[in-house]
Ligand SMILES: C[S@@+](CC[C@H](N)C(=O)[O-])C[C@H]1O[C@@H](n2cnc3c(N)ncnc32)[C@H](O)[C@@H]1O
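First, one chain by itself in C-alpha coordinates, the form predicted alone.
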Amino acid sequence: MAVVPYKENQASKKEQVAEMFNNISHKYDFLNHFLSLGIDILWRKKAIRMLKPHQPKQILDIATGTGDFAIEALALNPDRVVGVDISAGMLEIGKQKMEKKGLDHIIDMQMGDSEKLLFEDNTFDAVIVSFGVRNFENLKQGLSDMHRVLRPGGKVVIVEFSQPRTFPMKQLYNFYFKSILPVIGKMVSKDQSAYTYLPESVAAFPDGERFLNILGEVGFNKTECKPLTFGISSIYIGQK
(Lines give C-alpha, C1' and ligand atoms only; values in the text may rest on other atoms or scores of the structure.)
Protein backbone atom coordinates (compact mmCIF):
# COMPACT_ATOMS: atom_id res chain seq x y z
CA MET A 1 0.00 0.00 0.00
CA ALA A 2 1.35 3.43 -0.99
CA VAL A 3 2.39 5.84 1.76
CA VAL A 4 0.15 8.92 1.48
CA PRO A 5 -0.15 12.19 3.43
CA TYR A 6 -3.87 11.98 4.23
CA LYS A 7 -4.80 8.44 5.16
CA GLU A 8 -8.56 9.05 5.40
CA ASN A 9 -8.60 10.59 1.92
CA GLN A 10 -9.54 8.37 -1.04
CA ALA A 11 -7.64 10.48 -3.57
CA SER A 12 -4.56 9.08 -5.33
CA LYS A 13 -1.08 9.63 -3.91
CA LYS A 14 -0.36 12.13 -6.69
CA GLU A 15 -3.44 14.18 -5.83
CA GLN A 16 -2.69 14.04 -2.11
CA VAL A 17 0.93 15.10 -2.59
CA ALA A 18 -0.21 18.08 -4.69
CA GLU A 19 -2.73 19.05 -1.99
CA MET A 20 -0.13 18.67 0.76
CA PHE A 21 2.37 20.94 -0.96
CA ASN A 22 -0.37 23.47 -1.73
CA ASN A 23 -1.17 23.50 2.00
CA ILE A 24 2.41 24.05 3.18
CA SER A 25 3.71 26.15 0.27
CA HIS A 26 3.58 29.42 2.25
CA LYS A 27 6.00 28.03 4.86
CA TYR A 28 7.90 25.46 2.79
CA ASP A 29 11.17 27.34 2.22
CA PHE A 30 11.45 28.41 5.86
CA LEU A 31 10.72 24.93 7.20
CA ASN A 32 13.00 23.23 4.68
CA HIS A 33 16.03 25.23 5.76
CA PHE A 34 15.10 25.44 9.46
CA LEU A 35 14.39 21.74 9.97
CA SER A 36 17.58 20.71 8.16
CA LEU A 37 19.66 23.43 9.88
CA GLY A 38 20.50 24.68 6.39
CA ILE A 39 22.35 21.51 5.43
CA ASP A 40 19.93 20.95 2.53
CA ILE A 41 21.49 23.99 0.81
CA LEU A 42 24.96 22.39 0.97
CA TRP A 43 23.58 19.09 -0.35
CA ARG A 44 22.11 20.83 -3.39
CA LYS A 45 25.33 22.72 -4.07
CA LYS A 46 27.33 19.48 -3.96
CA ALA A 47 24.89 17.78 -6.34
CA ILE A 48 25.16 20.60 -8.86
CA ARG A 49 28.97 20.55 -8.69
CA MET A 50 28.85 16.95 -9.87
CA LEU A 51 27.38 18.16 -13.16
CA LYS A 52 30.05 20.79 -13.78
CA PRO A 53 32.33 18.59 -15.96
CA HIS A 54 29.38 17.93 -18.29
CA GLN A 55 28.43 21.60 -18.82
CA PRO A 56 24.72 20.98 -19.46
CA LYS A 57 22.98 23.79 -21.35
CA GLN A 58 19.38 22.54 -21.14
CA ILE A 59 18.39 21.43 -17.63
CA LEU A 60 15.11 20.02 -16.32
CA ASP A 61 14.38 20.32 -12.60
CA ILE A 62 11.61 17.86 -11.67
CA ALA A 63 9.50 18.41 -8.54
CA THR A 64 11.00 21.90 -8.54
CA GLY A 65 8.79 23.19 -5.73
CA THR A 66 9.69 26.84 -5.20
CA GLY A 67 12.72 26.52 -7.46
CA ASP A 68 15.70 26.39 -5.08
CA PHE A 69 17.45 23.59 -7.01
CA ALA A 70 16.74 25.33 -10.33
CA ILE A 71 18.40 28.48 -8.98
CA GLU A 72 21.38 26.45 -7.77
CA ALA A 73 21.72 24.98 -11.27
CA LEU A 74 22.52 28.45 -12.64
CA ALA A 75 26.05 27.90 -11.29
CA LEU A 76 26.50 25.66 -14.35
CA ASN A 77 25.84 28.60 -16.71
CA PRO A 78 23.03 26.85 -18.64
CA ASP A 79 21.05 28.42 -21.47
CA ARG A 80 17.76 27.37 -19.91
CA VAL A 81 16.37 25.66 -16.81
CA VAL A 82 12.82 24.32 -16.77
CA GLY A 83 11.22 23.63 -13.39
CA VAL A 84 8.22 21.29 -13.31
CA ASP A 85 5.87 20.62 -10.37
CA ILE A 86 2.32 19.37 -9.72
CA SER A 87 1.64 21.88 -6.92
CA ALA A 88 0.14 25.18 -8.09
CA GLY A 89 0.84 26.70 -4.67
CA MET A 90 4.54 25.87 -4.76
CA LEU A 91 4.88 27.06 -8.36
CA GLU A 92 3.21 30.39 -7.59
CA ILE A 93 5.71 31.10 -4.83
CA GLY A 94 8.51 29.89 -7.11
CA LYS A 95 7.42 32.23 -9.92
CA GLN A 96 7.32 35.17 -7.51
CA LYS A 97 10.81 34.24 -6.35
CA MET A 98 12.15 34.16 -9.93
CA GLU A 99 10.59 37.52 -10.77
CA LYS A 100 11.99 39.10 -7.59
CA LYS A 101 15.48 37.75 -8.35
CA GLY A 102 15.25 38.68 -12.04
CA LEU A 103 15.64 35.04 -13.13
CA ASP A 104 12.33 34.46 -14.92
CA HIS A 105 14.04 34.94 -18.30
CA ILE A 106 16.20 31.83 -17.78
CA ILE A 107 14.20 29.69 -15.32
CA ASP A 108 10.82 28.63 -16.67
CA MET A 109 8.45 27.34 -13.97
CA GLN A 110 5.76 25.03 -15.38
CA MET A 111 2.89 22.95 -14.05
CA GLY A 112 3.55 19.34 -14.95
CA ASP A 113 3.33 15.69 -13.98
CA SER A 114 6.75 14.15 -13.35
CA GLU A 115 5.48 10.78 -14.59
CA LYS A 116 4.05 12.19 -17.84
CA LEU A 117 6.50 14.88 -18.88
CA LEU A 118 5.29 17.09 -21.72
CA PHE A 119 8.64 17.24 -23.50
CA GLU A 120 10.00 15.57 -26.61
CA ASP A 121 12.44 12.67 -26.36
CA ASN A 122 16.12 13.66 -26.06
CA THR A 123 15.44 17.28 -25.02
CA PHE A 124 17.65 17.91 -21.97
CA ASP A 125 21.35 17.60 -21.20
CA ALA A 126 20.63 17.02 -17.49
CA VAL A 127 17.67 16.17 -15.28
CA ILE A 128 17.87 17.09 -11.60
CA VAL A 129 15.55 16.25 -8.70
CA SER A 130 15.82 17.38 -5.10
CA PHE A 131 13.77 15.48 -2.49
CA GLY A 132 11.04 14.67 -4.99
CA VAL A 133 11.31 11.09 -6.25
CA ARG A 134 9.98 9.49 -3.06
CA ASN A 135 6.73 11.41 -3.69
CA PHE A 136 6.17 9.78 -7.08
CA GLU A 137 3.08 7.65 -7.36
CA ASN A 138 4.87 5.32 -9.76
CA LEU A 139 8.63 5.55 -9.16
CA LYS A 140 9.67 3.48 -12.19
CA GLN A 141 7.40 5.46 -14.51
CA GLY A 142 8.84 8.75 -13.28
CA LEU A 143 12.43 7.56 -13.69
CA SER A 144 11.65 6.11 -17.13
CA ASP A 145 10.29 9.46 -18.27
CA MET A 146 13.42 11.22 -17.02
CA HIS A 147 15.45 8.79 -19.12
CA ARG A 148 13.23 9.45 -22.15
CA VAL A 149 13.65 13.25 -22.12
CA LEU A 150 17.42 13.09 -21.59
CA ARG A 151 19.72 13.29 -24.58
CA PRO A 152 22.09 10.35 -25.13
CA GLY A 153 24.99 10.81 -22.72
CA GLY A 154 22.88 13.10 -20.55
CA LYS A 155 23.05 12.90 -16.74
CA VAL A 156 20.45 12.54 -14.03
CA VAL A 157 21.31 13.80 -10.53
CA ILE A 158 18.90 13.03 -7.71
CA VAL A 159 19.15 14.17 -4.08
CA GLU A 160 16.94 12.18 -1.71
CA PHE A 161 16.65 11.33 1.95
CA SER A 162 18.04 7.98 3.00
CA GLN A 163 18.22 6.10 6.28
CA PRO A 164 21.41 6.10 8.39
CA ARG A 165 22.37 2.59 9.42
CA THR A 166 25.09 3.11 12.04
CA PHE A 167 24.90 3.89 15.75
CA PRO A 168 24.23 6.52 17.07
CA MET A 169 23.17 8.46 13.95
CA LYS A 170 20.43 5.95 13.15
CA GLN A 171 18.84 6.39 16.59
CA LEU A 172 19.20 10.19 16.61
CA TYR A 173 17.82 10.45 13.09
CA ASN A 174 14.77 8.31 13.89
CA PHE A 175 14.02 10.28 17.07
CA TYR A 176 14.28 13.62 15.28
CA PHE A 177 12.26 12.53 12.25
CA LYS A 178 9.48 10.84 14.20
CA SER A 179 9.24 12.94 17.38
CA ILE A 180 10.61 16.44 16.76
CA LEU A 181 10.03 17.22 13.09
CA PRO A 182 6.24 16.53 13.00
CA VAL A 183 5.65 18.78 16.03
CA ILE A 184 7.58 21.74 14.59
CA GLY A 185 6.07 21.15 11.15
CA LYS A 186 2.54 21.24 12.54
CA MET A 187 3.19 24.37 14.60
CA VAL A 188 4.57 26.34 11.66
CA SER A 189 2.70 24.97 8.64
CA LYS A 190 -0.59 24.03 10.40
CA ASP A 191 -0.53 20.74 8.49
CA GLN A 192 0.49 17.87 10.76
CA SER A 193 0.00 15.24 8.07
CA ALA A 194 2.72 16.74 5.87
CA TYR A 195 5.42 16.26 8.47
CA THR A 196 4.15 12.86 9.57
CA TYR A 197 4.18 11.79 5.92
CA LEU A 198 7.84 12.87 5.54
CA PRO A 199 9.40 10.20 7.81
CA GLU A 200 6.91 7.59 6.56
CA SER A 201 7.80 8.30 2.92
CA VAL A 202 11.53 8.17 3.70
CA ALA A 203 11.12 4.82 5.49
CA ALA A 204 9.25 3.40 2.48
CA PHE A 205 11.74 4.68 -0.11
CA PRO A 206 14.12 2.07 -1.63
CA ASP A 207 17.36 3.90 -0.90
CA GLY A 208 20.98 3.03 -1.60
CA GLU A 209 21.71 -0.02 -3.71
CA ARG A 210 18.01 -0.75 -4.21
CA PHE A 211 17.50 2.63 -5.88
CA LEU A 212 20.56 2.15 -8.08
CA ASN A 213 19.06 -1.16 -9.22
CA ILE A 214 15.84 0.61 -10.24
CA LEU A 215 17.80 3.27 -12.15
CA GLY A 216 19.52 0.42 -14.00
CA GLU A 217 16.20 -1.28 -14.75
CA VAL A 218 14.81 1.81 -16.49
CA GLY A 219 17.94 2.21 -18.66
CA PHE A 220 20.47 4.33 -16.78
CA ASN A 221 24.11 3.25 -16.70
CA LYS A 222 27.22 4.38 -14.79
CA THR A 223 25.04 4.75 -11.71
CA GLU A 224 26.52 5.91 -8.42
CA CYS A 225 25.30 6.60 -4.89
CA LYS A 226 27.12 9.16 -2.75
CA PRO A 227 25.92 9.27 0.89
CA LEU A 228 25.77 12.68 2.57
CA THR A 229 26.08 13.68 6.25
CA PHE A 230 26.28 10.24 7.91
CA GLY A 231 23.77 8.78 5.43
CA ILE A 232 20.91 11.21 6.13
CA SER A 233 20.68 11.89 2.40
CA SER A 234 22.26 10.55 -0.77
CA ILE A 235 23.11 11.84 -4.22
CA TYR A 236 22.30 9.40 -7.04
CA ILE A 237 23.86 9.80 -10.46
CA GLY A 238 23.07 8.04 -13.72
CA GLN A 239 23.78 8.46 -17.42
CA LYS A 240 21.68 7.75 -20.48
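Given the structure is predicted, the values throughout are model-derived calculations rather than measurements. In this text, residue numbers run from 1 along the sequence as written.
Below, we refer to the form predicted together with this ligand, which is not included among the displayed structures.
- Within 4.5 Å of some heavy atom of this ligand in the predicted bound form lies at least one heavy atom of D113.
- In the predicted bound form, this ligand lies farther than 4.5 Å from every heavy atom of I158.
- Put simply, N32 is close to this ligand in the predicted bound form: some heavy atom of it is within 4.5 Å.
- When contacts are judged by a 4.5 Å heavy atom cut-off, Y28 counts as touching this ligand in the predicted bound form.
- Remark: none of the three candidate residues (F177, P182 and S201) comes within 4.5 Å of this ligand in the predicted bound form, counting heavy atoms only.
- Stretch 58-66 is the contacting one of 204-212, 169-177, 185-193, 58-66, since its residues have non-hydrogen atoms within 4.5 Å of this ligand in the predicted bound form.
- Exactly one listed residue, out of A126, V82, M90, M98, brings a non-hydrogen atom to within 4.5 Å of this ligand in the predicted bound form: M90.
- Along 205-229, not one residue places a heavy atom within 4.5 Å of this ligand in the predicted bound form.
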